[in-house]
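In the form predicted alone, a lone chain appears below as structure tokens.
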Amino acid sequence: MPRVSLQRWMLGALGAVVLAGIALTWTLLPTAPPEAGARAQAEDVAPRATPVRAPAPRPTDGPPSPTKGAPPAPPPPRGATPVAINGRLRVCGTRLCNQAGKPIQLRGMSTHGIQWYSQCLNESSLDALAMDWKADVLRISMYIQEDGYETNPRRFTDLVHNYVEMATVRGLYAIVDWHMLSPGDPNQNLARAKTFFSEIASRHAGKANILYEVANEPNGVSWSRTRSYHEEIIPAIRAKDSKAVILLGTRAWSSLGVSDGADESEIIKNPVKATNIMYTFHFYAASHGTEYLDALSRAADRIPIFVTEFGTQSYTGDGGNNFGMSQRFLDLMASKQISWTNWNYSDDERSGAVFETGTCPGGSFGGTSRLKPAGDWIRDRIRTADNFPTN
């Protein structure tokens, strides 16, 4: 912030005597920039090494507020947002369909953990995502452990409520991601999940844009145990919201079991007993090649799939980008109308975060001036015109 000098005018004196002017200079010290904060390890599909713990994260207090001084972005044309066009979604066969019963593909971004990077989610950044990036969907990643939900359920539930409302105003679909990772058995957090999703569904069941992702990346646990969790949590949501699509994590870090030497057949033979559900798949193109691509292709012909997390780098969310393999995945997903969200919409120092470190909270978020190579690449592909058939 530049220095500001304020001068007082000469004070009047009695009679003919005029006192000399007195100048007082007030100096405003520059505001210190936000500290770097924690940079949590990206949590992705395995095989993986034991995670390295992040440094202590920067505390955040309460829901995000608009970026000060940022002019409000013009609203999108009435009826032109993804939600306005497609309405409430449902699963039809193996595809995600809109209110007209037509298969569609959603494309968008996942947040990083909101316990570390809530400063990257404000009015300006979400305006950019909706209107500059032209995204269809925002995935709200709320970690359970790792300084997340378990530390303050009220605060994190309120954050998620707020982000859902911010997505709704912009006509974006909102995926509420129960970002469990360690422990890998989702049943360990079943009671917490029921409490959380019961409240989220109670508040947002009337919205056409809500989707629930109930287990980010089950790992170190069998498909039968994972399926048991899903069949426990789905009724808790359905008691409050009978219509929304529910997204189900798959075994071995949502790899359809591939990262543990299995494949999609275990799900096909023993599917979750529920309707209006989709199974999730995660991949990182520098780590996961043709074996993962082929499994995704086969599975999408048999069961409904939503790729709720992927990156162009290694499974750590870092390292070099493999844009060639990434494009092969994107081409497949386009051909089979598999919806996706990319990891991640933050300024984490790793190559998988789309913004350069230090971009949040002030921006700029639109355009390409603050984007890393992966951010530039994925923005360009999200901005490609949607094909949303309505009749």
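Just so you know, these numbers come straight off a predicted model, no measurement behind them. In case it trips you up, residue 1 is the first one in the sequence shown, and so on.
The form predicted together with a small molecule exists for this protein as well; it is not shown, and the discussion that follows is about that form.
- Residues of just one listed stretch (240-248, 155-163, 293-301, 109-117) have heavy atoms within 4.5 Å of the small molecule in the predicted bound form: 109-117.
- Residue contact with the small molecule in the predicted bound form: Y345 places no heavy atom within 4.5 Å of it.
- In the predicted bound form, the small molecule sits beyond 4.5 Å of every heavy atom of Q105.
- The shortest heavy atom separation between T312 and the small molecule in the predicted bound form exceeds 4.5 Å.
- Contact between D136 and the small molecule in the predicted bound form is not found at the 4.5 Å heavy atom cutoff.
- Checked against the small molecule in the predicted bound form, the residues T226, S255, N209, N216 give one hit for a heavy atom within 4.5 Å, which is N216.
- In summary, among the residues L181, A286, A201, V221, the only one with a non-hydrogen atom within 4.5 Å of the small molecule in the predicted bound form is L181.
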